[in-house]
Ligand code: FUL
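What follows is one chain in structure tokens, specifically the form predicted on its own.
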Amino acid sequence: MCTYKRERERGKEEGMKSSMGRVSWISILLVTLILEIVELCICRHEEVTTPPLPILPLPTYSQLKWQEREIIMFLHFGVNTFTNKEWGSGHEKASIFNPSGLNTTQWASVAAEAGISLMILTAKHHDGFCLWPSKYTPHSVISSPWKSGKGDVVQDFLDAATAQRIDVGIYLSPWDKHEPRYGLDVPYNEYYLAQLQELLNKYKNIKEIWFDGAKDPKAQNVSYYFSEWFSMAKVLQSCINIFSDAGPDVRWVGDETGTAGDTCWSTINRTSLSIGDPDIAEYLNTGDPRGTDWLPAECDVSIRKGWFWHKSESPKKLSHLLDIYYNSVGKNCVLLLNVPPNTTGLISHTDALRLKEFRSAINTIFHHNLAESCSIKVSSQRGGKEGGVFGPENMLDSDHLWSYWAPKEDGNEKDHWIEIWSRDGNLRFNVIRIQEAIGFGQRIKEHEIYVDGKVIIKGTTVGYKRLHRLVEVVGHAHVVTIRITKSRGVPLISSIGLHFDPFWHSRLTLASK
């Protein structure tokens, strides 16, 4: 019995040792497996390629949203509408302002049909008449017969635009030909700031405010305290974009024809700008690749010859408006198109139709991107084909800001290229579109475009959007090559497109008829 008991206990001990051995072996296996998984995760994490560093200066969030609008609307309306003048004298009686059927809802509806997302109203033009009931002057709607002096065009305008989900802006003319304090620096600047505060306190969510230096050279001399005005505007509404010759958020393009320079940088040096200085027009038109400030250009032009409505005038032809579009939006700018209400207080039917026709034409041209049905090849890809998220497919998606193709940062690479290969050798187009990911800075200095090996375009800047409308329609093309030959750092291309514009008749086409 004693022997049997000892053998039994010895067997238990050996069994326990064997079990402990198995447990130890399993534990080692589990630890090894966990370590391998952790190491694999770390390796995979290291393989995720980061975005490139931005190149300064950069746009603000408000500037990016402004750029995406592409086309916005100006509305010149006031006593000049009733006097058939462009610049009033400042001596007009307020009683002349009496639109019989003023309907700001119609203004907003016309804008909405044209795809407009921002409307800017002349709250006060150079004549000094205010379209809101200002407590600082009787020269306003208070003294007019319209709505028995109880109307407020600015409030009606804001309400109508908001109902259509359209943002609003206002123009408050620095030059005031009616105000007796004009010519006295401190009293007039106090008056102007008072009206600015009145507007921005009463009317909320203003997206853009317009300042300019326009005035008659013979007018009284007065120093405008622009720095104080701009600072006050930002205090009252921090997200507002301020327009002027010198920004600080949006700059004038330097002309009133809606035409940007063939080279157009969103960067410029604000220290080189002076509001109202005619000698800076060319600099405003092109911008500056060495500029330290992000200050994109806005192209202002009227749908008619004049800024205010005149019975004798009619809207520009569709072909002219499309020319303006290519020369503004197509050159890295936003188009500010003026559509003036008439003496009734409505946007004229002919203007509304032309505006709708304009939008329809743009949609027709750009709704179909032929590049989407092509094969895209690129010179290189940041992170390689397997390890990156910066491939050529990003140039064909709907995100034109934060999704982009990025080449390798290789100092030995002379230029970067994109090839658009037709699957059937039957590409037919006459517009080429290129867009940069401007959230990382504007980069491209020079680029070239080839069709089947033949150069057809030698261009400079791109920016948010560059549209090349070709002299002749390209038919039966096999490959389109875009070469970036000079840039600030590697180019970041957010979108490319090949489009057909059926409204474009080149000089060669017309000559052959």
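Residue indices: 1-based, along the sequence shown. Treat the numbers as computed from the prediction; the structure is a model and nothing was measured.
Here the subject shifts to the form predicted in complex with the named molecule, a form of this protein not shown in this document.
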> Of these, 326-334, 121-129, 375-383, 266-274, which stretch puts a heavy atom within 4.5 angstroms of the named molecule in the predicted complex?
Replying inline: 121-129
> According to a 4.5 angstroms non-hydrogen atom cut-off, is D262 in contact with the named molecule in the predicted complex?
Replying inline: no
> Looking at the partner-bound form in the predicted complex, is W307 within 4.5 Å of the named molecule by any heavy atom?
Replying inline: yes
>> With the partner left out here, check for me: in the predicted complex, does some heavy atom of D300 sit within 4.5 Å of the named molecule?
In response: yes
>> Please tell me whether any heavy atom belonging to F230 falls inside 4.5 Å of a heavy atom of the named molecule, as the geometry stands in the predicted complex.
In response: no
> Among W417, Y171, F440, Y182, which has any heavy atom within 4.5 Å of the named molecule in the predicted complex?
Replying inline: Y171
> Which residue, F74, Y188, W294, F226, has a heavy atom that falls within 4.5 Å of the named molecule in the predicted complex?
Replying inline: F74
> Using a 4.5 Å cut-off on heavy atoms, which residues of 200-223 contact the named molecule in the predicted complex?
Replying inline: W210, D212, A214
